[in-house]
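One chain comes next, on its own, written out as structure tokens in the form predicted on its own.
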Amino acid sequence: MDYLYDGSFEGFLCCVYAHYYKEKADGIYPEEDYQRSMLYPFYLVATESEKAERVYEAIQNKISNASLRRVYRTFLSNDPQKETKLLHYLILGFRKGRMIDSLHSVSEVYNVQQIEKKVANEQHRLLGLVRFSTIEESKEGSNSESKAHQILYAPIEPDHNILELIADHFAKRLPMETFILHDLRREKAVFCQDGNWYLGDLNRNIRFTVTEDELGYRSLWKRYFDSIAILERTNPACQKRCMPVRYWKNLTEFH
């Protein structure tokens, strides 16, 4: 029996609940990506907060807080089989308890640890590759005249769904700023003001107007970069290794 869910973390936890209290699951898949077949049974699991909370607390109490964090970070990955791999990890975890964290050579543990490592690496990499630009947001004033309100905006296209993992870093780094951190691939964004942030939907095709000052600073930076560069020490291979090409299109220094 395959279990289908709505794509949320709570929905996934409900599938784990169903595995133990309804029928053993062969696999867990997001409903929107599942290829249905009349020859193989599947069941759509409803997301219920009470059941999700029970599984959440069971992972925390019967395995460990570290495993709970690992499960969530792995869930944020783009691995196409992450749900089924997590299910196998949790089945073993509920049997072995806290010691599962030391079973590095066991495939159920190794698979999840490798996925989590990829998520963590991209999270760390993006902390240094996010580029904010000053944009103008048009607002109507009390005198009915349009006022320009400047905010910071940064587009990213990470491989994994790490938006919320890096939000706190920038909220603390820019506590006095209003900014939007936009995941174009998933059409989601972090909206932050006065150090407080929330996650919401934002269309990838939305367009913002970059301020004249921003364009001036970009030009100034490029002239500075060119003036201090040592031609004989140019190393494109090292640059691509430290700053992967797939991120370049959202870096202001390449515009």
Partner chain sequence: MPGMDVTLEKLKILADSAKYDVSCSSSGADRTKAKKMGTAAVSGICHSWSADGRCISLLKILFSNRCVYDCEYCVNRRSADVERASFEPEELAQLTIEFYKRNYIEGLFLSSAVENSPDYTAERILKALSLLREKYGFSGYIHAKIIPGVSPELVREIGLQADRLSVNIELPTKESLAILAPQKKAAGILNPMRQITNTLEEQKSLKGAGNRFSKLKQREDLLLNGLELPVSTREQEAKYGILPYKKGDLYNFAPAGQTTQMIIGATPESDRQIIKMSESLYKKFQMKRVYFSAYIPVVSSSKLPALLTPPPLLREHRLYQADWLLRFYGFSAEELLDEENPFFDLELDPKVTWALRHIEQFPIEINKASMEELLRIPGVGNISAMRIVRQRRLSAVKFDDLKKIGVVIKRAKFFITCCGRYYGEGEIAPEKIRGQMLSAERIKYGLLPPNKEEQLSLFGTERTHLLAAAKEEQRGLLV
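Being a predicted model, the structure only gives us computed values, none of them experimental. Numbering follows the first chain given and starts at 1.
There is another form of this protein, the form predicted together with the partner chain, and it is not shown here; the text below is about that form.
Visitor: Can M99 be called a contact residue for the partner chain in the model of the complex at 4.5 Å between heavy atoms?
Guide: Flag for M99 set to no.
Visitor: Can R131 be called a contact residue for the partner chain in the model of the complex at 4.5 Å between heavy atoms?
Guide: Close contact exists here: in the model of the complex, R131 approaches the partner chain to within 4.5 Å, heavy atoms only.
Visitor: Tell me, yes or no, whether R95 is in contact with the partner chain in the model of the complex, where a contact means a heavy atom of each within 4.5 Å.
Guide: No.
Visitor: Could you tell me if H169 has a non-hydrogen atom within 4.5 Å of the partner chain in the model of the complex?
Guide: Yes - in the model of the complex, heavy atoms of H169 and the partner chain come within 4.5 Å of each other.
Visitor: For the three residues E116, E136 and Q193, which mark the spot I'm curious about, does each lie within 4.5 Å of the partner chain in the model of the complex through at least one heavy atom?
Guide: No: none of E116, E136 and Q193 comes within 4.5 Å of the partner chain in the model of the complex.
Visitor: Answer with one of L163, L87, V109, L152: the residue that has a non-hydrogen atom within 4.5 Å of the partner chain in the model of the complex.
Guide: For this set of options, the contacting one is L152.
Visitor: Only one of 193-201, 223-231, 23-31, 50-58 gets a heavy atom within 4.5 Å of the partner chain in the model of the complex; which is it?
Guide: Only one stretch qualifies here: 223-231.
Visitor: Where, within 163-190, is there a heavy atom within 4.5 Å of the partner chain in the model of the complex? Residue list please.
Guide: Sequence-ordered list: H169, F170, K172, R173, L174, P175, M176, E177.
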